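Taking the form predicted on its own, here's one chain by itself in structure tokens.
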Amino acid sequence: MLGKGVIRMRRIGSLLAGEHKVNESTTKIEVKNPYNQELLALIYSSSIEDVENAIDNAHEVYQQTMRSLPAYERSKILRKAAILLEERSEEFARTISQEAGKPIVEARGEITRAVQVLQLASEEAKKLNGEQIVMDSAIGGEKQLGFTKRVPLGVVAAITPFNFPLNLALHKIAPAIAVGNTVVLKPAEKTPISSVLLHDLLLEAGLPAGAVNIINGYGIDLVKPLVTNPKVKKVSFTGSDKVGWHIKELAKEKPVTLELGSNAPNIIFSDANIEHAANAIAMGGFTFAGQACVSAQRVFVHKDVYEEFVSLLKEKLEQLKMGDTSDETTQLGPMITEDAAIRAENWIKEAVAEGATIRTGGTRDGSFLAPTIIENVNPSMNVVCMEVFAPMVAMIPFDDEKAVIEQANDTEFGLQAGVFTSDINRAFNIADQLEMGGVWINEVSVRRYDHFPYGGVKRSGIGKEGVRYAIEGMSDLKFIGVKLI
């Protein structure tokens, strides 16, 4: 680290068998700070041969070491990694802030969660219990014993996005280690530095070299040879729905977990605590510049409190401080690239051309997009029907409970939703009817804790994350029967 946490420019290649390998003949990718465009790293892209070597090494380490490593040893490694990460939390937070353009306060929050993921995985490594099967429940099962045990699958291919570069990598790596798998990680080319630091930290914590290998570069070049390799037994992907479903096609018969996009609905009834709801949406729609798959996007507000709510939300958003992500007081940073900000700005302009109006925001300065409230929208607008992934919410008034449920469900996506009301009967009734993987009551859709089952329906994905649930998806139940003679 240099000065105020400035990262020394790094040369990043592949991380194979515990060693950093740089092939200077391959494609080079610049990693820049989204806030000031400072060059942080230069990726020397992994070759197809590097991908094969990473998988071969992970497979060998699985066969020779990880599958037979005792649970207490796996738990100990994860616990030690959590301790090391907590000790180095500021270094990791500065790294994430700079490579992802995330305000430093939010980056520290990601580290706190990452430490917790390692702690949870350490605990779960000791809880991989099967069950006894009562064999004589079936005719012919007399004098027989049956039981199940949870067993690892082998090499897990993990493909992660830019928005939570450490925590989302650990949501795949930590459960894989806990159950005895090995991992080949392909992080987002925009944010690879924290994954490199994590790799080295895991080795220091005692993880066998090659239990986690990393390939770096563009997904279009590396994902297909990674996912289709027969030695890869499980694929876990977080990212866009288009890429995710293509990966599922490539994976064919392999088990796949897909954590994909959404356009999360949040419904605010007239009996809700309006101040609380406005605070929740101000956080949930604009954390990390709205670049979260469960970020509040479609906000349905009962007509009786619509103007009160929107005015209050506008006031809160206009008080957000935008700027230098290293500044302790910054609340809203840049989007990951200027192109991403331009795309969001264009969607806003398209909506306005079709009759929408802007209550606040809508302006762009480079990669910064001002926090935006857009009104008078219709369901066909991109700002409503697509995943906007930007600091913007679309406001939609309603007056009928049945109709608003239909509107919330009228989407290809279904990840998480929020419902704000003081009527608990209404809340549970709506939660049951919303076609979502998860529903929060009196909390915004973006809220996620690392131990509950997290995953979507429809085009928002398949499978669940959350440490224990990810372990289930990265392992198999093996039955063993005994005939007593």
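Remember, it's a predicted structure, so these values are computed and weren't measured experimentally. For every residue, the number given is its place in the sequence shown, counted from 1.
What comes next is about the form predicted in complex with nicotinamide-adenine-dinucleotide, which is not displayed.
>> Taking nicotinamide-adenine-dinucleotide as it sits in the predicted bound form, is Y454 near enough to touch it, meaning that at least one heavy atom pair lies within 4.5 angstroms?
In response: Y454 belongs to the contact set for nicotinamide-adenine-dinucleotide.
> Contact between I220 and nicotinamide-adenine-dinucleotide in the predicted bound form at 4.5 Å, heavy atoms?
Replying inline: Judged by the heavy-atom cut-off of 4.5 Å, I220 is in contact with nicotinamide-adenine-dinucleotide in the predicted bound form.
> in the predicted bound form, does E189 have a heavy atom within 4.5 Å of nicotinamide-adenine-dinucleotide?
Replying inline: Although nicotinamide-adenine-dinucleotide is absent here, E189 would touch it in the predicted bound form, with heavy atoms inside 4.5 Å.
>> If we define contact as a non-hydrogen atom of the residue within 4.5 angstroms of the partner, is F92 a contact of nicotinamide-adenine-dinucleotide in the predicted bound form?
In response: No, F92 is distant from the partner.
> nicotinamide-adenine-dinucleotide isn't shown here, but in the predicted bound form, which of 307-315, 69-77, 239-247, 138-146 has heavy atoms within 4.5 Å of it?
Replying inline: Selected range: 239-247.
> Do heavy atoms from each of A272, G284 and W440 fall within 4.5 Å of nicotinamide-adenine-dinucleotide in the predicted bound form?
Replying inline: Answer is no for this spot.
> So which of A351, L198, L415, A344 gets a non-hydrogen atom within 4.5 Å of nicotinamide-adenine-dinucleotide in the predicted bound form?
Replying inline: The residue in contact is L415.
>> Can you work out which of P175, P391, G261, G101 has a heavy atom no more than 4.5 Å from nicotinamide-adenine-dinucleotide in the predicted bound form?
In response: Among P175, P391, G261, G101, a heavy atom within 4.5 Å of nicotinamide-adenine-dinucleotide in the predicted bound form occurs only for G261.
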